[in-house]
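Quick setup: one chain, the form predicted alone, written in structure tokens, and binding and motion questions come after.
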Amino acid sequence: MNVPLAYDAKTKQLSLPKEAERVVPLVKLEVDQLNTLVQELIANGSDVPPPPTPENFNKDMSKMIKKLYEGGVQAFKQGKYEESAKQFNIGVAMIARRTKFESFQGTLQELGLFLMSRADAYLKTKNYLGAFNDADMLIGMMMVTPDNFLRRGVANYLLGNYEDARADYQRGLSFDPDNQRLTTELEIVLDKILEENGDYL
């Protein structure tokens, strides 16, 4: 299928006709992503962006992100879980606004911290689906971290997905067999599965 693209020389952006956007939404997504990269390349001020290194990581933005993280952690410690989740949400949004040519390694570390903390805040505010989504993304980013399987397992348990919770706890224990919290949660979910099956003693 041929999709007509239009180019605006003033804004240096591609666009699709409205009817094409509805028919091929994936092409619309790719055009939007391409426009974002072009805008960031133009804003960079050089034909080729510098190689991403820790030295050219935006340190001002890093300071703001760090303050948001510290504020979220402080609110969590004070039991202000809604405020904590809000701080982590803002931080994740700021991380997403980093230029696409910055060091991905630094961005990934920041994002991991925020997602772990936001998942914990979501569990406290009973936003179990949000906690599940954050923990699921964390597992994709850091596969061998047992605590991320614990987070997703707890979210699955609270969502009523007991078999999925059991699988998460067992996978977490495969990375850390001595993890007491994972062992305790696994025992709880196994009891719940027996109860659900009518086999509870």
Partner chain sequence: MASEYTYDDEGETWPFFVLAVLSFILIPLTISWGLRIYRQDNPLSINKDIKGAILENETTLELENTIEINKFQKKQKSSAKYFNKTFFAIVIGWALCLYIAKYQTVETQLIGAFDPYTILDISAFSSEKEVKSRYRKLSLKFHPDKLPKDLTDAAKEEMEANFIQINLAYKALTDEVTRNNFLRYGHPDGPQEIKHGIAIPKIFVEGKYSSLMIVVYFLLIGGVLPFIVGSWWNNVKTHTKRGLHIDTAALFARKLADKSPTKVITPYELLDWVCQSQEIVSMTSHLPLNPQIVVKHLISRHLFRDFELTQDETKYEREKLAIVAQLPKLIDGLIEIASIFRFTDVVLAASDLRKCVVQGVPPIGKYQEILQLPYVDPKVVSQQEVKKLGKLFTLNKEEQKKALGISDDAKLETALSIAKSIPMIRVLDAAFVVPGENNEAEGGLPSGSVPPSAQAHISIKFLIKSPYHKSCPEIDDEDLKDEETIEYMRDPVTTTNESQPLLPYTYAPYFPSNFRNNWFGYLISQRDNKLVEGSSVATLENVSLANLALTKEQFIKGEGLTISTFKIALTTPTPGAEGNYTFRLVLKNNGYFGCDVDIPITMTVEQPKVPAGKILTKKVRKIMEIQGDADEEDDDTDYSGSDISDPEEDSLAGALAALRGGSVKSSAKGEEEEEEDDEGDNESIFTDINTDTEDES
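Everything numeric in this text was worked out from a predicted model, so none of it was measured. Positions refer to the first chain, counted from 1. Between two forms, the rigid core is defined as the largest C-alpha subset superposing within 1.5 Å.
One more form of this protein, predicted together with the partner chain, exists but is not displayed; see below.
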Selected contact from Leu34, Val27, Leu41, Met142, since only one has a non-hydrogen atom within 4.5 angstroms of the partner chain in the model of the complex: Met142
Might Lys67 be said to contact the partner chain in the model of the complex, defining contact as any heavy atom within 4.5 Å? no
When the contact criterion is heavy atoms within 4.5 Å, does Gln109 count as touching the partner chain in the model of the complex? yes
Considering non-hydrogen atoms and a 4.5 Å limit, does the partner chain approach Ile90 in the model of the complex? no
Leu123 versus the partner chain, in the model of the complex: is there a non-hydrogen atom within 4.5 Å? no
Within 165 to 181, which residues have a heavy atom closer than or equal to 4.5 Å from the partner chain in the model of the complex? Arg166, Ala167, Gln170, Arg171, Ser174, Phe175
After the core is overlaid between this form and the one not shown, has the C-alpha of Pro177 moved by 2 angstroms or more? no
Quick one: once the rigid core is lined up, does Ile188 have its C-alpha move by 2 Å or more between this form and the one not shown? no
